[in-house]
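In structure tokens, one chain follows: the form predicted on its own.
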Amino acid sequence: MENRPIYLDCNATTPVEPLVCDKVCHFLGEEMGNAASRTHVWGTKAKQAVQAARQQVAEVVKAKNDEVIFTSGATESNNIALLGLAEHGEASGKKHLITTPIEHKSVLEPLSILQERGFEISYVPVGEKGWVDPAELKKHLRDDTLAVSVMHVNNETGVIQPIGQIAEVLNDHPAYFHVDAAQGFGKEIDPLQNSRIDMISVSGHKIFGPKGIGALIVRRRGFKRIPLQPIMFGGGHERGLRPGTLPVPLISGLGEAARLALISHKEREQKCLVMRKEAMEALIAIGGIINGDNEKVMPHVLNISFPGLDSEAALVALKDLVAISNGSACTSQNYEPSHVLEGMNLSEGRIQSALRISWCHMTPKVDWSEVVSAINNVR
């Protein structure tokens, strides 16, 4: 790794914690059982590992074990949460949903599909600070509102959405509340423990766990389960919502990552705050403008624009020093202006010159003077 740039793209994917790697390797190399096999000890061991991981994920948000459904990641979880409500919405006549224009594409695109099926979608504006006003969201609520979907933390700006206040707005309304928590689960703990949040989407590779595993936490309302229908078919796994053989090594890794997050999030946060202070001091000094509310942002993310800078040219200039991005990794194969920054009504120049820098507690020290020099060379 000595010849590689310092990795500063943790919002795209995080490094894997060593203890998580050990857990995954153990179940890859020594415990090959299928958790659905009832007749021998190998299956029993696998089932026990899955149950333990389910408990570890549930504890982070104070949910019950049987409310955790394992998926391939938050993208699949978001699809199940939204598309899975369609049948109930059509049957009940509730065909209105509320979201924001800065959601991840794995929320916006399923909602577009629902719109094609006759559902109506309201997009609550966020403004330049990058967070949705709960009072504004309340204005969009209707008797036929089926669900509200608002992310926990924005993946491009790191801005924290007021999901606790949105939960209060929904206290007297039956709409289902879905939160895409891919960027906040295991990092900002308290808001996701609010029992008014009906569904929470989680990705393992955003919390120092393996790729290819995640969860949809589906809380019951009293004794009633949310009327989700599966979007894939082929078995009774995961309470009939997500068919397929459970990937025990990945599930165990997600469980371990959740356990470590719960006990270490404060310590991790402090390390990230130190790096954020260093980055801001260096980059604001050369004219950097922070995108998003600096008072409501996660400590490990900095979205910053440099007037007159072409972000693509900056990425090339910085590629041997630091690995950063200018938007979501999910849409960066063919660069288009960030829909998040557009949704915040930022100027074209500010959007075109935006860089996303994201780190973690395992990130080595960065020589910000070298980063500043490289940026200045392409301005």
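Sequential numbering from 1, following the sequence displayed. What you are looking at is a predicted structure, and each value in this text was computed from that prediction instead of being measured.
The discussion below concerns the form predicted together with a small molecule, not included here.
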Worksheet item: Taking 4.5 angstroms as the cut-off for heavy atoms, does residue 106 touch the small molecule in the model of the complex?
Response: yes
Worksheet entry | Non-hydrogen atom contact residue 78 with the small molecule in the model of the complex at 4.5 angstroms | yes
Discussion item. Contact with the small molecule in the model of the complex for residue 183, defined as at least one heavy atom pair within 4.5 Å: yes or no?
Written reply: yes
Worksheet item: Could you tell me if residue 73 has a non-hydrogen atom within 4.5 Å of the small molecule in the model of the complex?
Response: yes
Response to the item:
Note: exactly one of 199, 98, 151, 251 sits with a heavy atom within 4.5 Å of the small molecule in the model of the complex, namely 151
Practice prompt. Taking 4.5 Å between heavy atoms as the contact cutoff, choose which of 187, 219, 300, 205 touches the small molecule in the model of the complex.
Written response: 205
Worksheet item: Can you pick the stretch from 242 to 250, 175 to 183, 108 to 116, 161 to 169 whose heavy atoms fall within 4.5 Å of the small molecule in the model of the complex?
Response: 175 to 183
